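Take a look at this single chain in structure tokens; it is the form predicted alone.
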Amino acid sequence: MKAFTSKLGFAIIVAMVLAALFAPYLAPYDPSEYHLDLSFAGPTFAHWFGNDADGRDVLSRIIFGARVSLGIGIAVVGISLVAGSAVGLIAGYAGGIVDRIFLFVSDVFLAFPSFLFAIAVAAFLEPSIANVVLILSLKGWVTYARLTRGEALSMRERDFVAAARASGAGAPRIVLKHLFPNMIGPVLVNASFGMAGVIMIESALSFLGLGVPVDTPSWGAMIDQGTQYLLIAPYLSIFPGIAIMLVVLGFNFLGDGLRDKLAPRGR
């Protein structure tokens, strides 16, 4: 069953990534093109997911919305993974005062719930994709740092690290050539689950009007715009909600599969 769900998750992610990459060719209409004569037109063969209050094609906006959500997710996870892994490896390998300072700083960040932290920071910034990436990266690095720090602590006294020291290898070489390659599995598993979390928070921020600009196709913003028309056009919120559900399920299923493949201790 797990093998099937991991393959299903991989298929969903591949489909979403392809949709994002080839959005201009896959979207049947311009996502920003207004057709007021088609306002609240329900799903038809011409417009599979219907039209919104301004007559814009919902399917086209969902396809372009994949670019926003996946782009933000990849940027945030990439920045958080690189920055967090670097900090965690240094703290775990160095130990002592460096490790104690890291623990204090990370505990301060972890004291704030991720979503509330994102809302608090977003309230002071203008809605933009760059600001959303900055906001989510400000706290996202902590998870990767704690993970790599714990792995580094458990590995730094092992025989292969002692052998590397005895051969004259310096700390940077030991960290990059011996420690990090041995913890890449748990890091990738965490990145897969992290993508799902980032997409959820980005959608929630856009739903509240604190994420991407209003005119940018975003699944969270589309749900927000559709809530005031739930009685007459429920599809405006249902379809982008399904898109969020699918991509989050995809990354969670993929993360489960990666955990079984790359982190055997978790089996």
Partner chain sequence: MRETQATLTGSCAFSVGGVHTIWLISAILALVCILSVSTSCRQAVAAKGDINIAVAAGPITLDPRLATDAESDKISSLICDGLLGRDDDGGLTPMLADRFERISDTSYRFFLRDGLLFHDGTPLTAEDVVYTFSSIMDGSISSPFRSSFTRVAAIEAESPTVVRLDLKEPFAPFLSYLTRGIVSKKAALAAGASFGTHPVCAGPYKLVRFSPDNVVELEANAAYYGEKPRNARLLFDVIKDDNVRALKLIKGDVDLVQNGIPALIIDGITKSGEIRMKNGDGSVMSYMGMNLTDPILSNKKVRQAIAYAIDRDEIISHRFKGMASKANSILSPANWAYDGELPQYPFDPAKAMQLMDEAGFKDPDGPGPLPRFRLTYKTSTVKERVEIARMIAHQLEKVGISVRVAPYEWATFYRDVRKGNFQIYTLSWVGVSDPDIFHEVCGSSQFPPNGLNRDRYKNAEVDALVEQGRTTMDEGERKKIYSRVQQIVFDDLPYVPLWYEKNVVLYRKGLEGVRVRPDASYRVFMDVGKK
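Residue numbers count along the first chain shown, from 1. For clarity, every value in this text was computed on a predicted model and none was experimentally measured.
If you look for the form predicted together with the partner chain, you will not find it shown, but the lines that follow are about it.
For the options 258, 23, 248, 13, the residue carrying a heavy atom within 4.5 angstroms of the partner chain in the model of the complex is 248. With the partner removed from view, the residue among 59, 41, 204, 70 that has a non-hydrogen atom within 4.5 Å of the partner chain in the model of the complex turns out to be 204.
In the model of the complex, the partner chain stays beyond 4.5 Å of every heavy atom belonging to residue 28. Although the partner is absent here, residue 34 lies within 4.5 Å of the partner chain in the model of the complex, judged by heavy atoms. None of the heavy atoms of residue 85 is located within 4.5 Å of the partner chain in the model of the complex.
Within 4.5 Å of any heavy atom of the partner chain in the model of the complex lies no heavy atom of residue 185. The three marked residues, 140, 223 and 241, each reach the partner chain in the model of the complex, with a heavy atom inside 4.5 Å. Using a 4.5 Å cut-off on any heavy atom, the residues of 222-237 that reach the partner chain in the model of the complex are, in sequence order, 223, 224, 225, 227, 228, 229, 230, 231, 232, 237.
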